[in-house]
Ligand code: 5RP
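In structure tokens, one chain follows: the form predicted on its own.
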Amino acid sequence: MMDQGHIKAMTGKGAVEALVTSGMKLGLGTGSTAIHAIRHIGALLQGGTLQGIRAVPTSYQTLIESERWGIPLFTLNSPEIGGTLDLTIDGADEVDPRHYCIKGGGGALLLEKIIAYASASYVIVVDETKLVEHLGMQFPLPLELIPESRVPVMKTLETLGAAVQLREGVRKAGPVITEHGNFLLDIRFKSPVDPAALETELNRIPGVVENGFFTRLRPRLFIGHADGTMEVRE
């Protein structure tokens, strides 16, 4: 049986081998599985198998890793990108049977969503432990908010029946500060919810910047299993 690290490496590499071709405009995701896709793209570029890749990173973690591998980087606003991407490969914290996802465990949900929703094709790479029946019951839903709105947003969420916690830093005193200068809340639900409805509803709360439900795209899933197999779900 494969350990989780090898499963993630197999899945990230497999998605790249199946989908990435020269000349693509790529969105590069964040996290422990997506980073293997980044490394494999870099290796293929260095070996000459891939050429003409233009990539947009979803976080500083992704940007730094891409720089290490010599991947040409741009923003969605760059003339070379023009606001649209051919493909984005990213990970997820949870995926349900409808291919709805929770993302943002690494704190990059805002740019991850902007980039995902600007992509013609969207792929999620995960190991089998990320598959769930209902989102937000085990892994908390991240929500990015303006710091000055912390108390009213938390009170509003609690009236909706959610358990809410301000995300605290690790090896840093105080709350996590996102790459766009905001706070993060982690939300847990006591009973199943409608992710598609909540993705819109949560963003209507004044002060909320974005939430970690991803439901407007139905991504292709690349799922790594402990027995060494990789499953693709369209």
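Only a predicted model underlies this, so the values are computations on that prediction, with no experimental measurement involved. One-based numbering along the sequence shown.
The same protein also exists as the form predicted in complex with this ligand; that form is not shown, yet it is the one meant from here on.
*Asks:* Check residue 92 for me: does it contact this ligand in the predicted bound form (non-hydrogen atoms, 4.5 angstroms)?
*Replies:* Residue 92: contacts this ligand in the predicted bound form.
*Asks:* Taking this ligand as it sits in the predicted bound form, is residue 140 in contact with it (heavy atom to heavy atom, 4.5 Å or less)?
*Replies:* Answer no; every heavy atom of residue 140 is more than 4.5 Å from this ligand in the predicted bound form.
*Asks:* Does this ligand get within 4.5 angstroms of any non-hydrogen atom of residue 107 in the predicted bound form?
*Replies:* Yes, contact at 4.5 Å.
*Asks:* Indicate whether this ligand has at least one heavy atom within 4.5 Å of a heavy atom of residue 203 in the predicted bound form.
*Replies:* Residue 203 lies outside the contact set for this ligand.
*Asks:* Quick one: which of 46-54, 192-200, 32-40, 65-73 gets within 4.5 Å of this ligand in the predicted bound form, going by heavy atoms?
*Replies:* Result of the contact check: 32-40.
*Asks:* Do any residues of 1-17 have a non-hydrogen atom within 4.5 angstroms of this ligand in the predicted bound form? If so, which ones, in sequence order?
*Replies:* Result: 8 alone.
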